[in-house]
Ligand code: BES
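As structure tokens, one chain now follows by itself in the form predicted on its own.
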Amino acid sequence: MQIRIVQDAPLSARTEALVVPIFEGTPLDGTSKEVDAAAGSAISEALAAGEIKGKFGETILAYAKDRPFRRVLAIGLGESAKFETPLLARYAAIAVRSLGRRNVTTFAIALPKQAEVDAAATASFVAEGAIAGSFETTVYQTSPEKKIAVSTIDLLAGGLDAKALERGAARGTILGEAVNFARRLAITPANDMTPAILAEQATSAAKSASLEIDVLDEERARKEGMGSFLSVAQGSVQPPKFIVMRYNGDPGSKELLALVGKGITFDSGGISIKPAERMEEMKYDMSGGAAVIATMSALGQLKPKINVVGIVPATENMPGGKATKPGDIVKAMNGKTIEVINTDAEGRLVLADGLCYAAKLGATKIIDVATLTGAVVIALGHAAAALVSNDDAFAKDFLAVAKPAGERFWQLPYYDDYTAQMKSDIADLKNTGGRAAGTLTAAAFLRAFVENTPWIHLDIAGTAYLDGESAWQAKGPTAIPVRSFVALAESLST
């Protein structure tokens, strides 16, 4: 999809459709008022009749006779006083999904005057949202029922600086494509997304973005002492892959940000097998790893001045004849021994060695991301992901960039009580502490592998994929936290 910056006045835009914003409880003004008059007052009449009120996501489509734009799509942005720039991503995505399913290939989009603060950020959100909005789940359908036809979007510059808009649109395009890359990786079924194929995808992305990449096979992982990671892999016939991608944007610096993503390409639960109902969704258990790979691809193109390593321990968790059994003891890369109580608590086992490897590479800050616990869904539902950290300043910095990026995280407390729950009678740790505070005991387990390095754990089990589509997003994978990871790397850039 191409995002173009154009200087045309809205009423002279030659395009298949013109998109304008409307606000709840606010009379039409500016561009929206002008376009409404040109479209025979269709928008104002719909508002007066109560057909729409301008609530966020509401739309009305009207045809504009004898105008250079054939259609007008008005999109509600909610209350004007509550408008925030990140909402422009959803605004653009709604336009793409609404018009694209009507076989519109090109449209122009007008900005609300409330967005005329930061031109680059405005264009970035529009571009990212438009591209992310084009994603569909019908990749395996021979004759897709839903197809989005949009190929070109003209962003009307209005009074904003065109060069700043161009810069923003370029960034947003890279970010939107990274988001969709992560979503494609996640939605691909496990027979077509094995650990080896995931490593191939990462290798291809690394080459395209001029990144360094190293993929450790089982033999090399064993030499590194990754017994925790390999204990999960031993029940599957699919060979494990330990993926390491490096972006060296500041070679003179000793600072290194490590992103560690859970890469379980299918999770049956192992010997502690899951119920059959909805087990097909366990192809999404590599969503954290997909986000890390996509983030690294984006950073290689955006080129912030920072050093970042992306680590994805990739394997299946299967109940084969060689599978790890409940009660087995395994040893992680840092020498800590782990009693496996439940083989379905496997994500923390692969992340343990991922965190150890990040430390070996000299990481000065570490973030891990995983679809780790069902408990986080009980705690936060599907509205936000959980954050746990050993460094409040680092957590504050992350949350400060995540919100403007349009992603939601909620910091949960950490107490030593959670670490006590993870102590084993016969090993250093056990891999589950029971039902109580399951998200936090999982974080306590992971904390044992980062020592004093500033660290953030993100549990995205409730937000990595959606059960239904919205006006701006397809059902399925969300690519959280690609946007926040990129924003953090840019904010740490020197």
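Because the structure is a prediction, the values reported are computed rather than measured. The first residue of the shown sequence is 1; numbering continues from there.
The discussion below concerns the form predicted in complex with the named molecule, not included here.
When you look in the predicted bound form, the only residue of 407, 154, 136, 285 with a non-hydrogen atom within 4.5 Å of the named molecule is 285. When the named molecule is considered in the predicted bound form, only one residue from 226, 298, 89, 372 comes within 4.5 Å through any heavy atom, namely 372.
Three-residue candidate spot 305, 365 and 487; no residue lies within 4.5 angstroms of the named molecule in the predicted bound form by any non-hydrogen atom.
Using a 4.5 angstroms threshold between heavy atoms, residue 403 stays clear of the named molecule in the predicted bound form.
The closest non-hydrogen atom of residue 465 lies within 4.5 Å of the named molecule in the predicted bound form. A residue is said to contact a partner when one of its heavy atoms sits within 4.5 Å of a partner heavy atom; residue 328 fails this definition for the named molecule in the predicted bound form, lying far away. Interface residue remark: residue 309 is not counted as part of the site for the named molecule in the predicted bound form, having no heavy atom within 4.5 Å. This chain is displayed without the named molecule, yet in the predicted bound form the stretch 261 to 269 from 233 to 241, 211 to 219, 261 to 269, 93 to 101 comes within 4.5 Å of it by heavy atoms. Along 418 to 447, a single residue, 432, places a heavy atom within 4.5 Å of the named molecule in the predicted bound form.
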